[in-house]
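Let's start with one chain on its own, the form predicted on its own, as structure tokens.
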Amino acid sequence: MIISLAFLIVSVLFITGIKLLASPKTARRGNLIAGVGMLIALFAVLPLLHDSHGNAVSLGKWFLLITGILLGLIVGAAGAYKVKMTAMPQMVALFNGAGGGAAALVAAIEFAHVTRDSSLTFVVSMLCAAIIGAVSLSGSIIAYLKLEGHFDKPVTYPAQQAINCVLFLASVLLAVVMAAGSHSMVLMLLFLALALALGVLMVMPIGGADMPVVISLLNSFTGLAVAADGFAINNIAMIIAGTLVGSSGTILTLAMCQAMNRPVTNVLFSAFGKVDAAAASADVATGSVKPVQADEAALLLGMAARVVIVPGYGLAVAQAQHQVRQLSDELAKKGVEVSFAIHPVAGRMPGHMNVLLAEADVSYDQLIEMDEINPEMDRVDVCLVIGANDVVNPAAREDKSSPIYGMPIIEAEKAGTVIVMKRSMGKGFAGIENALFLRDNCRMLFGDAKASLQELVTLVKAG
């Protein structure tokens, strides 16, 4: 009775935590609440642990269990404190892969205890957990490597979809054989190997630009694998946690695809990011780049009535969030209204910019979502784009041949003056030219974002 009550409390805490994660203002509190829920779930499960014969867990196994818990706490804490914001998606990918791998390992161990008396539900649940968890593990590792810059472009080969289909059908056939009564660990190991290969081959053809969507999808896979384990071993906490992760990951994946105006199938099977040279050269907009010096940019910003700042991945790479807050503060002292326009897929994961700016104590009230800011952009005096590229590219609205056509963007070009801060004229994740940079009202401030912003802060303060 007490344990059932604990699981009920855990489910409420998990749901409340996820709900609070929906807003930057409450995200930290949501994380803490969900963490408390996980802690309660852990201690509620421990009294239920028994070995395969129904006996109490030995002292030696308790020692191994507690050691594993402590190691997990240490690795998690080290990751949270030491990993840079720009590498947060990589950490999420690795942690997610670890979760999928753990679910697959639990499934394989439990399958080793399958007997003729085991129910079909138990066997099928274990097989589902094994294949989904293994796909999540290998797919997440490839996603991590792509985000790290290793083969971040799509890796394609002839008949790749046919090969993936054959692998999947072979896995299903093997699962049917095992569910029908062939409870061989050799078959289970072969089954896991096929699933691991499937995860690799599914993610390799997808470009680095789509890795946030892939990670979100694989995260939902991990949740489903954990839930399947929970059904098999009758663990309510795993069912609750896995179902919540699976459903929220699926919703997030669909929301990200909607923000890019692309279906999930397009992300998984179209090799987005693979731009051939001919198409890229034909896509170049006409016009000329108009550089601007820091003193001119500071004058434009200081004389504006309203400024909108569009942060992108370049801001995160430069670790310039504190400088952009200082610039915002200095402009506010001069009576300038400053807002931050946040694109849903700016950065490398949803909420990346929100967390980055929150780290620098930028007021949540200044963060405005894309749908809210776009109708007001024609009344903005200066739009300062920092390290963003594809999310402000007018080609998404104007060029039907563009690979990003149809993707909702922040309509920066409608502002009176646009100042774009970039190191160079390099292309974004989509690998195409940005027509915004050649517009008559656009000025390019080249240089490191952190150094340039610090110079702007000094100039605005002195002006």
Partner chain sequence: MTAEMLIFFIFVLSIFLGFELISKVPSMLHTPLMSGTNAIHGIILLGGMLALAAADGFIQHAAGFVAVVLGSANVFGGFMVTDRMLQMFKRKK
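Take the two forms, superpose them, and find the largest set of C-alpha atoms that agree within 1.5 Å; that set is the rigid core. Positions refer to the first chain, counted from 1. Everything quoted here is computed from the prediction, not taken from an experiment.
Keep in mind that the form predicted together with its partner chain is missing from the display, and what follows is about it.
- Site residues C128, L167 and A180 are none of them in contact with its partner chain in the model of the complex, judged by any heavy atom within 4.5 Å.
- At a distance threshold of 4.5 angstroms between non-hydrogen atoms, S184 is out of contact with its partner chain in the model of the complex.
- N261 falls outside the set of residues with a heavy atom inside 4.5 Å of its partner chain in the model of the complex.
- Proximity of P375 to its partner chain in the model of the complex: non-hydrogen atoms within 4.5 Å are absent; the residue sits far from the partner.
- Shown alone here, G223 lies within 4.5 Å of its partner chain in the model of the complex, counting heavy atoms only.
- A heavy atom within 4.5 Å of its partner chain in the model of the complex is found for exactly one of A102, I368, A294, V155: A102.
- With its partner chain left out of view, the stretch that reaches within 4.5 Å of it through heavy atoms in the model of the complex is, among 384-392, 308-316, 357-365, 155-163, 357-365.
- Using a 4.5 Å cut-off on any heavy atom, the residues of 117-134 that reach its partner chain in the model of the complex are, in sequence order, S119, T121.
- With a cut-off of 2 Å and the rigid core superposed, G30 has a Cα displacement that falls short of the cut-off between this form and the one not shown.
- Taking the rigid core as fixed, one finds a CA shift for T253 smaller than 2 Å between this form and the one not shown.
- The Cα position of N235 differs by less than 2 Å between this form and the one not shown after fitting on the rigid core.
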